[in-house]
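This document starts with one chain, in the form predicted alone, laid out as structure tokens.
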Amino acid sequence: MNHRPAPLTPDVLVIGAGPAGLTAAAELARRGSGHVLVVDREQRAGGIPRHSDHTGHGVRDLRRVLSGPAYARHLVGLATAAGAEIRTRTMVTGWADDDTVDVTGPDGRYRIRPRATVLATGARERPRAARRVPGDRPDGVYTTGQLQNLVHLHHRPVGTRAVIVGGELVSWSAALTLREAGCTPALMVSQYPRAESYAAFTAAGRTLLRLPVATRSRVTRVIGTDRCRAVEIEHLDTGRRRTVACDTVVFTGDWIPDHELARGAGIDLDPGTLGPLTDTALRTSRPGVFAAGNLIHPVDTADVAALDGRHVARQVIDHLSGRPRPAEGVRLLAEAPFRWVAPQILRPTDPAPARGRLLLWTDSFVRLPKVTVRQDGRTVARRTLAWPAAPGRVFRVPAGLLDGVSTTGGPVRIGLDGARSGA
């Protein structure tokens, strides 16, 4: 008769060994939280930065600039040096009960029953099929993650001429990867009036990479049999279509959280982010289960995700020490042009969100956004911010705008007032 081994019982289980998970583990272990176990399904820990082989990582959390692989190695080193245990090639397959997960790894199948769990499973780009781009089904069509994994981890060649779909920061990362692989980025396609990335990145990319950006455009068809040979592009305002020759297409951005475990647990999801609904302490609706990183705000930079990990660690420590869960609090809701806000719950006595910022995602460009906070028919706060709200990147709002909110009142609505859209 086969007997399942007794569950592992770490004090904290961190699911996901990317920047958020590793930083949380390092902070928890450093502060004496007992046995901290990190599990990740990949061959190596480090998350997406492992194959983002360009500089710019670590600015906010480490106060230094590193390449993606160096940043990943550094975070792994911090976690292990602090005493956290990391198990790779280890997949959490589901929940046995409210506190226990089923796991499959090199040691077989077993269960883990921690005192607290941190979900840090990150986010992924929607592939072509999820974007419903019609046409043929040839080779040579990737997401950025697939491309970088192929080039930087497996050192495989790609094509010779590429079209990049999307104009976000990750889109320029894809352009750099293509160049490194010997593939010429021929065109970047964005549905917006301007590329979503910061203007400095777009200007530098256009100048240094000589990469034109087709704005207000979309890919309507992929053409090719065995290998991609072209894409059809439509201008959204005029309806004119043209064909661009290429043997490689990279779909970038359009993020969705890796939320399968949260859904499987019956954890409440936010309809905007599609990730777990969290309060400013990053608690989920299930007691003892927290969430951090790009799982809850798809998607921000790796260093911001790491700082989420540092923030959630402090809240997990409070939970382990027996601090009771505060009262229900109020919901934070995003109003157009915002698609979502994170976190989504403000409870009395809870800390400010990570870095003292609310994170929002906008569907239109606003050069001088006047942020308004409303509750129960009154304006709680109104402030014009000096930085634009732009699609394709997180818009940060000082959490101090919530100071006048009543935690016993109705939902809090965050929107824009009196701001003009810019092209």
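Start at 1 with the first residue shown and count on from there. Quantities reported herein were computed from a predicted structural model and do not represent experimental measurements.
Although it is not shown, the form predicted together with a small molecule is what the next lines describe.
Student: Between the options Val170, Val118, Met188, Ala342, which residue brings a heavy atom to within 4.5 Å of the small molecule in the predicted bound form?
Tutor: Exactly one residue meets the criterion: Val170.
Student: Answer with one of Ala79, Ala305, Ala291, Ala162: the residue that has a non-hydrogen atom within 4.5 Å of the small molecule in the predicted bound form.
Tutor: When the small molecule is considered in the predicted bound form, the option within 4.5 Å is Ala305.
Student: Just one of 49-57, 24-32, 381-389, 360-368 has residues with a heavy atom within 4.5 Å of the small molecule in the predicted bound form, so point it out.
Tutor: Comparing against the small molecule in the predicted bound form, the contact stretch is 49-57.
Student: Check, residue by residue, if Gly16, Thr90 and Ala123 all come within 4.5 Å of the small molecule in the predicted bound form, counting heavy atoms only.
Tutor: Verified in the predicted bound form; spot residues all in contact, yes.
Student: Counting only non-hydrogen atoms and a 4.5 angstroms cut-off, does Leu261 reach the small molecule in the predicted bound form?
Tutor: Yes, Leu261 is a contact residue.
Student: Can you tell me if Trp255 lies within 4.5 angstroms of the small molecule in the predicted bound form, counting non-hydrogen atoms only?
Tutor: Flag for Trp255 set to yes.
Student: So, Asp99 and the small molecule: in the predicted bound form, are they within 4.5 Å at any heavy atom pair?
Tutor: The answer is no: Asp99 has no heavy atom within 4.5 Å of the small molecule.
Student: Any chance Glu234 has a heavy atom within 4.5 Å of the small molecule in the predicted bound form?
Tutor: Contact check for Glu234: no, nothing within 4.5 Å of the small molecule in the predicted bound form.
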